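Shown here is one chain on its own, the form predicted on its own, set out as structure tokens.
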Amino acid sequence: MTQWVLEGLRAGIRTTRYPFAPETAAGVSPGLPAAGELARPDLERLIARCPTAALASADGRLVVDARRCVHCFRCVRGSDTPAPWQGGYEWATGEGTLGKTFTRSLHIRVVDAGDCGACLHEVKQLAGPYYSLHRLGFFISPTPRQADVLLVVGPGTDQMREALTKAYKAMPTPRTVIAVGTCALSGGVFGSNFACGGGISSILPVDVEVPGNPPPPLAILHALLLATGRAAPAAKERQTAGERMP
């Protein structure tokens, strides 16, 4: 017992520096494929390897729809010419609809709309000591009636359609919907099918989108900052080739 107390004292409190400084710790983000110039045969092979049509070509250039990327890494592993890759974690796009009143007082209702558990696990990390969303004035709410943000993970299955609609209508205005993860944005590998509509936008108006499968906690924090006007959205088209995935 004494040993662990001493270890704790030596380690101190370790919380990410983001958003007040860039986070440089290893492993905080898996990165995303990036747009870039490739030879036509390589471009066609990469596009054919992507199971969700996240990769496409425009004017002979590789373009990426991050909303469809499921982090299968087929475009960078097992390919003779891997896709360009970028690091970072500020992936959220959209527009913050909340005013300055909510800058440091934001209450979030999390809803699992058919998630496999991966995105929900990343959301849970936000309340831990390393990411500590409370230091930013963000709090998890047990009820939509006291929530400013409806944070949804999962594709929005038919069984959750009514529950999502009721939760949204119960929220006071102004209110914001954040869709977290590829499934919530586009339905993931299954897309639109007999069990769900291919993303929660078929059920609710989505204000902020966070791509990734799953997105890292810092990407979700970026979405919350974006919702309150404390951060700028990511560019929808990834134009920087960035580094190569090891």
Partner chain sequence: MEIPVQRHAQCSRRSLHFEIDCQPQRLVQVCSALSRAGFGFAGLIVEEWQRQWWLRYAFHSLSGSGGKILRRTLAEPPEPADFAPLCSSADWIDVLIRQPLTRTSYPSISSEVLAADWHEREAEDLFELTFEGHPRLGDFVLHDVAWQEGLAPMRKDFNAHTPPSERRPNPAWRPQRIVHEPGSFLMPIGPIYGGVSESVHFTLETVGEDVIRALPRLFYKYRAVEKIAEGRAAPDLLLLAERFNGIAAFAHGLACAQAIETVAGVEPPARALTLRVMLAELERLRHHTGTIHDICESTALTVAASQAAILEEELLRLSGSLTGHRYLFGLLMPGGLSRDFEQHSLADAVRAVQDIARRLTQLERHLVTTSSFLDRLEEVGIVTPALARTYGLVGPVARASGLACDLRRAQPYAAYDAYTFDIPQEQDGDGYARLRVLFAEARQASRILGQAVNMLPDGPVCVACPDIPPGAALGWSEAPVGATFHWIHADEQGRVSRYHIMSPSFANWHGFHLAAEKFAFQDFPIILATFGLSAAETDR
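Residue numbers count along the first chain shown, from 1. All values derive from a computational prediction rather than experimental measurement. Definition used throughout: the rigid core is the maximal C-alpha set that superposes within 1.5 Å between two forms.
Not pictured, yet referred to below: the form predicted together with the partner chain.
Colleague: Would residue 136 count as touching the partner chain in the predicted complex under a 4.5 Å heavy atom rule?
Modeller: Residue 136: no, not in contact with the partner chain in the predicted complex.
Colleague: Using heavy atoms and a 4.5 Å limit, would one call residue 104 a contact residue for the partner chain in the predicted complex?
Modeller: Residue 104: no contact with the partner chain in the predicted complex.
Colleague: Consider residue 57 of the chain shown here, and say whether it contacts the partner chain in the predicted complex, taking contact as heavy atoms within 4.5 Å.
Modeller: Contact with the partner chain, no.
Colleague: With the partner left out here, check for me: in the predicted complex, does some heavy atom of residue 100 sit within 4.5 Å of the partner chain?
Modeller: Residue 100: no, not in contact with the partner chain in the predicted complex.
Colleague: Given that the partner is absent here, state which listed stretch (57 to 65, 198 to 206, 33 to 41, 212 to 220) has heavy atoms within 4.5 Å of the partner chain in the predicted complex.
Modeller: Correct option: 212 to 220.
Colleague: Determine the residues of 185 to 206 with a heavy atom within 4.5 Å of the partner chain in the predicted complex and present them in sequence order; the list may be empty.
Modeller: Those in contact are 189, 190, 192, 193, 194, 195, 196.
Colleague: Is the C-alpha displacement of residue 11 equal to or greater than 2 Å between this form and the one not shown once the rigid core has been superposed?
Modeller: The answer is yes; the displacement is at least 2 Å.
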